[in-house]
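Okay, so we've got the same protein chain twice, two forms, each given alone as structure tokens, structure 1 and structure 2.
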Structure 1
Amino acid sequence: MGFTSAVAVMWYRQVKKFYMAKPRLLGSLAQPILWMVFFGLGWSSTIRGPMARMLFHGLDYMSFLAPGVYMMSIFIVSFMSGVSVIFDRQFGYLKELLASPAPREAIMLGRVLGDSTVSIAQATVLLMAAKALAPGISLATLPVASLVGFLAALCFTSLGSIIAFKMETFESFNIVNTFITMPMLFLSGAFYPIDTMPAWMRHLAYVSPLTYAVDATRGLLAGYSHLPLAVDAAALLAAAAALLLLSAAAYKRATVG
């Protein structure tokens, strides 16, 4: 099997596998929706007036939150796609892949592209629904925001896969998932502005690719960003390239006992 064919087959397999798993599909949509409805509506009724507009740079809270929740959805679905690596190992499919003549780099690339496609599709549906709650966002720039989201999805799908190759069980992955995803989400600026954080938190925030993804998406959809779009895009490109290479290397070294 050639490189391109292997990529296409794995892309199709990951997309089909996700959409056949209805509980996983509904679960990955439920969490961002709950954040938007309960967290967003709860805080938007509390944070009002001129001071609130100043704090959120002229935006109402729901319009500030919506781009963050859009990127949160991409992050969660992309990162959790690493579970499929453990699933494949436990049910013997990974052994078949490793023994196949297809290039391992192509297999990994197809897996990452498939999972990234799924995360973008879901997040786009979520954002269109969120428009009803966040009138301050514009969907005119959604195609460009989707490109930013796709770069972020490549980052976090690769990261999830790298970690999954080190894990033997779903429970181990879930423990690591908790320690990684929650700090990254709260440091990303998805829920409150980065410039309101203490200095030490801002330094940590700028280490994470999710921060740049949220900032770029908010700039495109809501008209405010902390950094120039070019800086956000460059950071995401660098992170995506580095993590893709690391995930390909992890797959190349993988063995199944």
Structure 2
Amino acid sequence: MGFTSAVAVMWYRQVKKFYMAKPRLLGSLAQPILWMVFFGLGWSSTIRGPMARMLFHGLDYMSFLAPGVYMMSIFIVSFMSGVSVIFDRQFGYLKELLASPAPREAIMLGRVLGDSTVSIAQATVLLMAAKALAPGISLATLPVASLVGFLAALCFTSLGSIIAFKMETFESFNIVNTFITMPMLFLSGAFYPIDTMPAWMRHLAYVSPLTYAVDATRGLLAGYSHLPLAVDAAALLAAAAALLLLSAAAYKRATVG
């Protein structure tokens, strides 16, 4: 069993699986759109004018928010796909995978790449729609932003599966949602700038890779980033490498049956 064909077939599985789940496809696309429309329009009609432009570094609120929601969508889809390893265990499918002669690193990598592909595809569709509400967004830099998105997706799928392997039961799913997904989103700078946060919050924010991902995409799509792009990219690369390695280790450790 070749390494590459195992990666390829796992990629196929993740993508096909997502494509087959129509309601999920629609749901995960609708969620960020709802954020854009209600949260975005709600706030942008509250904070308007030159004051807002100053707060959001020359951007109107919708254009400030759109790259954040783009990254939020990548984050949620890829993280949840990573966590879905627990479904596979629940339904016995993990046994089928781990008992196979295919290298486990290949299975892990194929999965991560497949989930990342799915989340990028979805976020791209979302961004096209968001453009209608956020005039300050440029789609010309979308290919580069997708690269950043892909790197972020690698981080979060890996993170998701590392956590899934640690979870004993499915009930812990909600705990993860409350204590990992929500704080990471609020700290990411997707909804409000990081530089005006209280110091302790700002320090926490810089621990999370999501923060760098949001900053980089905002820089690319809306033209403003808090940190230099190179710093964001370096932080994301380091996080992706570390998390991929940890995730591969978790797959290797997992026992069959």
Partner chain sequence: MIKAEGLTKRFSSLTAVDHISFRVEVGEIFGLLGPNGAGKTTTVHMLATLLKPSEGEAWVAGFSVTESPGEVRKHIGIVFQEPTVDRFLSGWDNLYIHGMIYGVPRGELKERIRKALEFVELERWAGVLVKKYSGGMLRRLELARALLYEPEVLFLDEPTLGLDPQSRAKMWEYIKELRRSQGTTILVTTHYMEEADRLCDRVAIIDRGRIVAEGSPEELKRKLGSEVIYLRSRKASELIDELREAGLSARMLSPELIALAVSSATEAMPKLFTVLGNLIKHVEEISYHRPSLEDVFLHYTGRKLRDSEADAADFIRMVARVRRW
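Only the largest set of C-alpha atoms that superpose within 1.5 Å between the two forms is called the rigid core. Since we're looking at a predicted model, the values are computed, not measured. For numbering, take structure 1's sequence and count from 1.
1 or 2: which is the form predicted alone?
Of the two forms shown, it is structure 1 that corresponds to the form predicted alone, while structure 2 does not.
Once the core is superposed between the two structures, does Phe186 show a C-alpha displacement of at least 2 Å?
No; that C-alpha moves by less than 2 Å between the two structures.
After aligning on the rigid core, report the distance the C-alpha of Thr169 travels between the two structures, in angstrom.
C-alpha displacement of Thr169 between the two structures: 3.5 Å.
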